[in-house]
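Below you'll find only one chain, the form predicted alone, shown as structure tokens.
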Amino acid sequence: MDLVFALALNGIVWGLIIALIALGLSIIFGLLDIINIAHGDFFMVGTVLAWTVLQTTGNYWLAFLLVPIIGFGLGLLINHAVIQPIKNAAALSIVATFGLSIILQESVRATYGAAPNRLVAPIQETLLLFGIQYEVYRIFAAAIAIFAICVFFGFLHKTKLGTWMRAVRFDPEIATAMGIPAHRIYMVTFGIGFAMAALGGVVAAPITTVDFQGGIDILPFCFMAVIIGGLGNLEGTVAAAVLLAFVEGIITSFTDPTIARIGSLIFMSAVLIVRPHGIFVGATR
């Protein structure tokens, strides 16, 4: 029973991290109509940058500040060089971002090597929680993910730039006619999407491994969360990510993790058959 509880709790923590990453994927798709195959690699870059900050400064906490800023800058650069030339071409976006994914992976492999690296969690203590010793860092990781998600929604609904983003998402032509700089909004949106995935990498790095292929497993989970939650529904994406990770955690306590992932895929297929627009239909306005 303790194992089931621990795996379920791990699932919730992981689901919150995935929710943070998947939100970045959702806003990129919802605003830019870009199917971003490289989004998992944005997460991977975040883990690698976190490892680099630790090796360079000896202070892992700096990574929580520096890596999202670097990710935002990389997002602006990638948007200008890769995304803008193929905007409004969904088929080309798949090809372009797939190529970007390979470039990011091979660049990291060439720079850091192919061997996975392990990061020691900056918080080593454990806490007695419902009869089990649970890692304090995992609780901290969940808290950081929740805080970042809340800040994002606050930004989206309470700031001028966030209002512009929602306006461009709702009707780009009217938004442009009203003087909203849609081109800049597209750039900022992609930068925020990269920054959120990179922050997810910083949070997750001590829990997982730092590996040039670290984003491969993240990408399908993020897509499942976006699809099940409802395309364009950011709150639904968060709920779906946590739900999927929690269910996988429970299933993993009884069977192989591969079976748990297959179960998630079957669930997603059932959702698409019964509710093609996802469980939580509707877009954030």
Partner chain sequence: MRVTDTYKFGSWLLVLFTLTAPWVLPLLVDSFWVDIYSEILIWSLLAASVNLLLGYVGLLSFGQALFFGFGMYGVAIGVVKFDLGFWSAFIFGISLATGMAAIAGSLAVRLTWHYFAIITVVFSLIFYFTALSWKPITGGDDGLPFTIPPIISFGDYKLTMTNANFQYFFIVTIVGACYWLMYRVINSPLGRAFVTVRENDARAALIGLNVYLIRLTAFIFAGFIAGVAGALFALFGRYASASYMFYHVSGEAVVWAIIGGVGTLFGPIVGTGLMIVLREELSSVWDHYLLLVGVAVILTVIFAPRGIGGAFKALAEKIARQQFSRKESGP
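Note that the structure is predicted; figures quoted are calculated from it, not measured. Residue numbers count along the first chain shown, from 1. Here, rigid core means the biggest group of C-alpha atoms that superpose within 1.5 Å across both forms.
Omitted here: the form predicted together with its partner chain. The next part is about that form.
Note that among 105 to 113, 142 to 150, 120 to 128, 174 to 182, the stretch whose heavy atoms approach its partner chain to within 4.5 Å in the model of the complex is 105 to 113.
Taking non-hydrogen atoms only, residue 268 approaches its partner chain to within 4.5 angstroms in the model of the complex. Its partner chain is not shown here, and in the model of the complex it never comes within 4.5 Å of any heavy atom of residue 210.
For residue 258, a non-hydrogen atom is located within 4.5 Å of its partner chain in the model of the complex, even though that partner is not displayed.
Mapping the unseen interface onto this chain, residue 86 counts among the residues with a heavy atom inside 4.5 Å of its partner chain in the model of the complex. Though its partner chain is absent from this view, in the model of the complex it lies within 4.5 Å of a heavy atom of just one residue from 247, 70, 35, 239, which is 35. Exactly one listed residue, out of 54, 228, 27, 219, brings a non-hydrogen atom to within 4.5 Å of its partner chain in the model of the complex: 219.
Site residues 8, 14 and 132 are none of them in contact with its partner chain in the model of the complex, judged by any heavy atom within 4.5 Å. Interface residues of 88 to 118, taken as those with a heavy atom within 4.5 Å of its partner chain in the model of the complex (partner not displayed): 90, 91, 92, 93, 94, 95, 96, 98, 99, 100, 102, 103, 105, 106, 107, 109, 110, in sequence order. Relative to the superposed core, residue 262 undergoes a Cα shift smaller than 2 Å between the shown form and the other one.
Between the C-alpha atoms of residue 233 and residue 88, a gap widened by no less than 3 Å is obtained in the model of the complex, as opposed to the form on display. In the model of the complex, the Cα-Cα separation between residue 93 and residue 273 shrinks by 3 Å or more relative to the displayed conformation.
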